[in-house]
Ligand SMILES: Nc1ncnc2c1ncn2[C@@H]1O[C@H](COP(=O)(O)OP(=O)(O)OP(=O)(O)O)[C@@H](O)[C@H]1O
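Before any questions on how it binds or moves, here is one chain, the form predicted on its own, in structure tokens.
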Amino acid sequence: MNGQPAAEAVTVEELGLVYGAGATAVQALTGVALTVRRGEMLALMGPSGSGKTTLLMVMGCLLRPTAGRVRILGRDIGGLDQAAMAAMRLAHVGFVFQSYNLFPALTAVETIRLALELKGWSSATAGEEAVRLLAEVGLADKQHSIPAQLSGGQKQRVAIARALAGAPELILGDEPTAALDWQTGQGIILLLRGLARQDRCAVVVVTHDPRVAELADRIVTIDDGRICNPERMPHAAS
């Protein structure tokens, strides 16, 4: 990065989010402040129900906060309507969902090709890139399989390939290695870290696995909707 500070990929300031209203309201996030820069892989850890996934969804323009500000690539998204939020996600964010979110009737290669076509790629070019991405995540021999023909780990790798489609500047993963054996999961995390370190993107991964976290450039812990240690560094990152 030539000794210069890396550009911000996503920044949240004094972020708050409340689910529900009145007596049933739940404060999911409180006063969260965090910046993730391009070229960085960040691991987000914390107990179940601590707000990790909620924060990830706010950073990915899938949830609108009830307080604070969110900037993606320097743009404040607070004034964007739903259509503009969706356009921001499509253009700049790759999201790996814990539940895969795959279309049951589409093959692996069709899933990735569709993601690219929605970004404006031609069908032929999108098809070639889809094949390359599936090979990158170790699924070259499963490109014509539908989700029902894939294991949980294979479906997760399709979801990861889809998140990488179009080289988004911000990749967000909600337990992206939870369905994978350690060897495969480690390979995926190293792939994501490699993409980040080439200064192509920023990566944020929610994980409970300390082995995954140790491969990140920075670990942030969240508990009860608040960030506890924004500067904690893993001892094994290299």
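All residue numbers are counted from 1 along the displayed sequence. In this text, all values refer to a predicted model and were calculated from it rather than measured experimentally.
From this point on, the text means the form predicted in complex with this ligand, which you will not see here.
- For the options Gly51, Gly185, Gly60, Pro65, the one in contact with this ligand in the model of the complex, meaning a heavy atom within 4.5 Å, is Gly51.
- Interface residue remark: Ala33 is not counted as part of the site for this ligand in the model of the complex, having no heavy atom within 4.5 Å.
- In the model of the complex, no heavy atom of Pro210 sits within 4.5 Å of this ligand.
- Contact between Ala28 and this ligand in the model of the complex is found at the 4.5 Å heavy atom cutoff.
- When this ligand is considered in the model of the complex, Gly194 lies well away from it, no heavy atom lying within 4.5 Å.
- Contact with this ligand in the model of the complex, judged as any non-hydrogen atom within 4.5 angstroms, is confined among 35 to 43, 51 to 59, 185 to 193, 66 to 74 to 51 to 59.
- With contact defined as any non-hydrogen atom lying within 4.5 angstroms of this ligand in the model of the complex, the stretch 120 to 149 contains no contacting residue.
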